[in-house]
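Okay, so here's just one chain, in structure tokens, the form predicted on its own.
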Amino acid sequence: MPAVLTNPRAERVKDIRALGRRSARERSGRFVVDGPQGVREALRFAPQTVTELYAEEGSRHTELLDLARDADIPVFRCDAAVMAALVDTQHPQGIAAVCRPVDVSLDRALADLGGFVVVLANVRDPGNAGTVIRGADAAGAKAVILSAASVDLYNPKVVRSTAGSLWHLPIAVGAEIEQIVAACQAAGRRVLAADGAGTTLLPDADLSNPHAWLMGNEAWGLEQVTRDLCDDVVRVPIHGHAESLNLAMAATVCVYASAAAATRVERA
């Protein structure tokens, strides 16, 4: 049985810890997945992207260790100090994986012409981005697209916030907003800007045909020039006294409206 890793200052440990920085991730083409939920989904849906697995000695995640071994993925045992040095969370969950990127091209993300996709335009908060990806996955989105100015998909907080959805649907990154909108429209998708300035209320929006939801920045939403590119600007109605919904909440409401519309079309 391989020796347990006990030196948190070892080069291997420092190299993996460095993946908390975007520059290191981009240079090495790897990122860290921390916690059993994300690791499980990576092993189940894309084991070929997992390069190595780290499990704290005495870990109860035997199912995940078996999945890794079945896929011929190297498994390293470590003590609590090493696990704490590997990841950036305050309370490590005893298991972590190192993975290769999973993002796809814009064309690949738009290859499925049915349903709806979600576009994040200049979304900077990693928790919001990850939560929107998770909600899009749950509602049955065909893909998620992050614009060039959005947060890095492999930011550790984004990865955790997706709760495994990172491996469930195509995700594209790096294109400019204008390019994304044009590609969606060329593929036959109406582009719907979700914005408080919209004149179309969500219940009145036409969600029966393929479409793309365009979600803006947490602080300033979508710029007028971006809204002008879209086929419609839709707002979620506020029935109470709340000033607005935050990005992740509004996105979830919108994508579930799309899911409900798809169900009605299927039953018609």
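We number the residues from 1 along the sequence you see. Fair warning: this is a prediction, and the values are worked out from it, not measured in the lab.
The following text describes the form predicted together with a further copy of the same chain, which does not appear among the structures shown.
In the predicted complex, does A138 have a heavy atom within 4.5 Å of a further copy of the same chain? The answer is yes: A138 has a heavy atom within 4.5 Å of a further copy of the same chain.
Using a 4.5 Å heavy atom cut-off, state whether N246 contacts a further copy of the same chain in the predicted complex. Flag for N246 set to yes.
Can you tell me whether V253 touches a further copy of the same chain? I mean in the predicted complex, with a 4.5 angstroms heavy atom cut-off. Contact with a further copy of the same chain, yes.
Does a further copy of the same chain come within 4.5 Å of any heavy atom of D204 in the predicted complex? Residue-level check for D204: yes, a contact with a further copy of the same chain.
Let me know the one among V236, C230, V50, V32 whose heavy atoms come within 4.5 Å of a further copy of the same chain in the predicted complex, would you? Selected option: V236.
So, K14, A24 and R108: all three within 4.5 Å of a further copy of the same chain in the predicted complex by heavy atoms, or not? No: no residue has a heavy atom within 4.5 Å of the partner.
Proximity to a further copy of the same chain in the predicted complex (heavy atom, within 4.5 Å), stretch among 56-64, 236-244, 221-229, 206-214: Heavy atoms within 4.5 Å of a further copy of the same chain in the predicted complex occur in 236-244.
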